[in-house]
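Quick setup: one chain, the form predicted alone, written in structure tokens, and binding and motion questions come after.
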């Protein structure tokens, strides 16, 4: 049976701004996203039956249609019934290295890898744009996870505009294994507290989005000015998550106590990250935070920015 192994990197947000509410009742967002080398491995192979079989060794990962990777396979079956009839079902094995429920798009990256893998298994010849259009039907982060690198994401997060690569900048991630933050809760709470600040008119939404596209952070990325990038990190969701989750707030404060380029919560949390000037500074920060918070529930990772999304190996 034919098979492929794919690498699905995690992502962090360097900028997350909530602009307003869209006609479809989703939030209008403008984000700057970045993939990192911390990644899951996804194995996918053809079956002679019409089944979707999903395996994962992590006890908290569902193996049914509640898993985005499973839903990605179902989507491909629906979209390409002739290929499905010809090639059959798929068996998917997820090797998780990205912490789950962490705001790092681990599930979205797995789904992106399944789309790419089935495209190869079924010899569909889809373009990256085709795959991203399919991915947007599964979740807002999936299109970015397909292409990866450094990019501006607008709309619900599904409209991707690539930026120059920041490959090689080091980052330290921290996440309590037992702590989860509901993304719907974070956005609903933010709307309840800050809706009065939302841009109301389409022209106002477009203007605020344009300001990020042409703003200081994008200019710093173009110049690869890591010091300025660290100074310009921004996340609207910190306003509601940090007060409600003291452990996240305390972890963020601990990261900030030590030398780094900038610290922020990623996405809706609860992962906190700091950028570092070098691998040595990143490893020093890792050990400083570990010494200050010896709690075995706290996972820490040293990784670096990468210039890719899903990769076939």
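As the structure is a computational prediction, the values presented were derived from the model and not from experiment. Numbering follows the first chain given and starts at 1.
A second form of this protein, the form predicted in complex with a small molecule, is not displayed here; the remarks below concern that form.
Remark: residue 29 counts among the residues lining the small molecule in the predicted complex, judged by a heavy atom distance of 4.5 Å or less. A residue is said to contact a partner when one of its heavy atoms sits within 4.5 Å of a partner heavy atom; residue 88 fails this definition for the small molecule in the predicted complex, lying far away. Using a 4.5 angstroms threshold between heavy atoms, residue 230 stays clear of the small molecule in the predicted complex. The closest non-hydrogen atom of residue 147 lies beyond 4.5 Å of the small molecule in the predicted complex. Listed stretches are 99-107, 166-174, 239-247, 133-141; the contact stretch with the small molecule in the predicted complex is 133-141, by a heavy atom cutoff of 4.5 Å. A single residue from the set 77, 189, 93, 183 has any heavy atom within 4.5 angstroms of the small molecule in the predicted complex; that residue is 183.
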